[in-house]
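As structure tokens, the next two blocks hold two forms of the same chain, structure 1 and structure 2.
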Structure 1
């Protein structure tokens, strides 16, 4: 279980300090699929990067299975079982898929590389391919997911996994997340605006203006997300201001 208590984040911008997150309180339970959603610039990715240790919070605490990990960096959190997948996975010229997964697994045996099969890729077709421009966006996304599976994570965070991939690949990716949620004990966090991603969630966390505006089960949150007449009452920082762009 991951607990976030009274968390805040302030970063330095061109015009001075900017408060990005304010008084975030959130508990992520084991083996649940969460979707963070909300308007662009609302703080979703920043919260994910704080969880991963990419950003150091200004205040508050992060507790993983009863241990305070607030002061730990990316490497230490990675060793404790937290993983992060970026919107645009990196390519590695001269590195084979087999080698990338082996590195992710910490040089543990990867017999048959079932993690590739779990994301819908045939190991025989992909293990000896280079992680370079010859791979499509959808293939690269699934390979990155396979590297996280190889690590047997406690918490896996995917920042807009649908970004930059075609419709067919997106459909397969959605199926992959559903299958992973059914098979693995990992707590999944997906950052997305997509309805088909939101529909996978056990819980939806609505983040706007650097705060959690609302959180609940998919069934409870779905009417809030899909209400086209909401006027911004619950999700937009402008609270109904017609000049504020709705995240939908």
Structure 2
């Protein structure tokens, strides 16, 4: 179980410090699938990065299975079983897919690993390719997801896993998440804007303007999310701002 208490994040931008996250409180249970959704720039990736330890929070606590991990770095959190698949994964000159997956898998042999097949990539075609500019965007993204699938995790966060992925691989990927969820105790977090990903959720967390606007079971949240007649006044980042008129 991962608990986030009164978490806030301020980053130094070009024009001084910006408040990115504000007073986030969230409990993520084992064996549950959460989808974080909300408008662009709302703070979803930032929250994921704070959980992974990539960003240091300005205030608040992060607790994993009762242990306060707020002060731990990325490596230590990873070794405790937290994983994050990047929204925009980096490329590496000279590192092979095989090597990257092997690092992810630790000392497990990657031979029997289905992680590439699970994202619709044929291991024979891809294991010996470099994770460099020669991969297409969708291929790179699927390999990124595979690096998380190769691991045994307590908390696995996938940042927009559907982005750039073709229709066929997407169906496969969706099944993979469903299967993971059925088989393992992992806390799964999918950051997504996609209805077909949202429909996998046990719980949906709506993040906008750096805070959690609403949270609840899929059934409770569905009408809120699907009401697209506007971005949702409640979540409209401009609400209350005189320059933005709402016609709802």
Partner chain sequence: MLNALDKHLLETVADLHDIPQGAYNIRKNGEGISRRSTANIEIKPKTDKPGIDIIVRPGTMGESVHIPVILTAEGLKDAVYNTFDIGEGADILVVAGCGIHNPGESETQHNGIHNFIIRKRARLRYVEKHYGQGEGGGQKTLNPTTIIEMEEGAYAEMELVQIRGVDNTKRITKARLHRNAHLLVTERMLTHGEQKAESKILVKLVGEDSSTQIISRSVAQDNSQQLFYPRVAGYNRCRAHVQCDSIIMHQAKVRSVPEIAANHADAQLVHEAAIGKIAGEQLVKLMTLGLSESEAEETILQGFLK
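Take the two forms, find the largest set of C-alpha atoms that superpose within 1.5 Å, and that set is the rigid core. Because the structure is predicted, anything quoted here is derived from the model rather than measured. Positions refer to the first chain, counted from 1.
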For this session: Only one of the two shown forms is the form predicted on its own, so please name it by number.
Result: 1
For this session: Look at residue 174 and decide if its Cα position differs by 2 Å or more between the two structures after superposing on the rigid core.
Result: no
Problem set entry | Post core alignment: residue 97 C-alpha displaced by 2 Å or more between the two structures | yes
For this session: Enter the domain rotation angle in ° for the smaller rigid part relative to the larger one between the two structures.
Result: 15
Seminar exercise, completed: For residue 147, the CA shift between the two structures after fitting the core, in Å, is 3.6
Problem set entry | Per-residue Cα shift, residue 133, between the two structures [Å; core superposed] | 6.9
